[in-house]
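First comes one chain, alone, set out as structure tokens in the form predicted alone.
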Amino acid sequence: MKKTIVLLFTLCVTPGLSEGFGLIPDAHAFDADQIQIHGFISQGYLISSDHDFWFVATEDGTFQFNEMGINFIAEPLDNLRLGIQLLSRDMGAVGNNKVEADWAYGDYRFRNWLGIRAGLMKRPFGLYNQIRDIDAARTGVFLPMGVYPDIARDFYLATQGVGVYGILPGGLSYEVQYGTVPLDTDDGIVKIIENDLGFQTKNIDNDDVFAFMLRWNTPLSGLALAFTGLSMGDVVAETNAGRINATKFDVYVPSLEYEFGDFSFSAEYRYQNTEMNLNGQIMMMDEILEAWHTTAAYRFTDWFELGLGYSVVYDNKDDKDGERFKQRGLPGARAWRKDIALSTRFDINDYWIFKLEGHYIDGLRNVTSDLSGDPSEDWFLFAAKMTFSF
């Protein structure tokens, strides 16, 4: 006998999601066959010639690089979609295989040009943030690291709140979100800022976030242009140095993507404006992060794809030589990272994908090991990853 499932119960595991249930007049039980269930398990290996990267012990080589996720999607009513994904991940000191709701929301489409979502929604950020968990959607192990820092995945992935979206005439589509960003002192982005500024966070809270996306599928077949952005209000952290307040955090990403047969090309630019002060008086950070990438890939056969990318990121576009770090007795190379990546992808069958990726890196940005002495600015990072998805 087939079991019935009340999806309302499943979705309520995520705090705040009930805001979206105003769209549902009654709770509905329905057949298990009406639920789509997908998931993935990946295990990777990272090793570098020098330095530890992103709080991962890459210099010694590590298997602390994995993800496991399962999602449930159902359409209990016409034009209404409900979904949730549970995720466990480990990346060195971040994640530690803790199971959390990755995203969970209700989605109702009134017209092609107007839909509404509520809950923990995947955020539009660049071309690929909303599909970053789909390993089959890209060639490489990592998305271009200057624009999509994997260590900060939890921060950029989702907005908890409400949003509207739609498809307009002329190949235009849009999405707007308003809500909050769930932040935790163990999040990767908090650890990165602590590493750069030299403090420890006791607790953290943030104001609202506004995010948007405008995409144009141009008349030229395969060519798409997009512009995404997010703006966050005050982020307040109680630290061992005092009360640190980020009064501005604005990020904008113009993007281009072109696909022609088995060839694909993308280019994106990330502009991030951040202001941060200590105890409302001492300016700790007033800078514009600048990053960009160009990435190309070609599928030679049904089972083999090759990708090549170049990514650059500067902590502060007005201090590309790292004078801020030199004044603290640290290498100026902490201010930048230039990365040439070569990726190979092997589609073993419909369920298994194996990837190998090598990075030649110039710069020490987001290196988290001891940088005393005369550390090498040029180093290599190698990644291998096996993914099973269903």
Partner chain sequence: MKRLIVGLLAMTAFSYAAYADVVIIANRNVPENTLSRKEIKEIFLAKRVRWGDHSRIHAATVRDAGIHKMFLKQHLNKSHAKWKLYWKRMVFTGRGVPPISFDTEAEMLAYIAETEGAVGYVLSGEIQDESEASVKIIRIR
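Residue numbers count along the first chain shown, from 1. Just so we're clear, the structure is a prediction, and the values are computed from it rather than from any experiment.
Another form exists, predicted in complex with the partner chain; not displayed. Remarks below refer to it.
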Task: Candidate stretches 294-302, 147-155, 90-98, 196-204 - the one whose heavy atoms come within 4.5 Å of the partner chain in the predicted bound form - done: 294-302
Open item on the list: Under a 4.5 angstroms heavy atom criterion, identify the one residue in Asp208, Asp186, Asp286, Glu259 near the partner chain in the predicted bound form.
Closed with: Glu259
Open item on the list: Counting any non-hydrogen atom inside 4.5 Å, which residue from Asn316, Asn217, Thr247, Ser231 sits next to the partner chain in the predicted bound form?
Closed with: Asn217
Task: Non-hydrogen atom contact Gln36 with the partner chain in the predicted bound form at 4.5 angstroms - done: yes
Open item on the list: Is Gly171 part of the interface with the partner chain in the predicted bound form - any heavy atom within 4.5 Å?
Closed with: yes
Open item on the list: So, Asn279 and the partner chain: in the predicted bound form, are they within 4.5 Å at any heavy atom pair?
Closed with: no
Open item on the list: Quick check on Phe125: any heavy atom within 4.5 Å of the partner chain in the predicted bound form?
Closed with: no
- [ ] Would you confirm whether the three residues Gln43, Asn240 and Arg337 all fall within 4.5 Å of the partner chain in the predicted bound form, going by non-hydrogen atoms?
- [x] no
- [ ] Within 4.5 Å of the partner chain in the predicted bound form, which residues of 63-89 have a heavy atom? Give them in sequence order, or say none.
- [x] Asn71, Ile73, Glu75, Asp78, Asn79, Arg81, Gln85
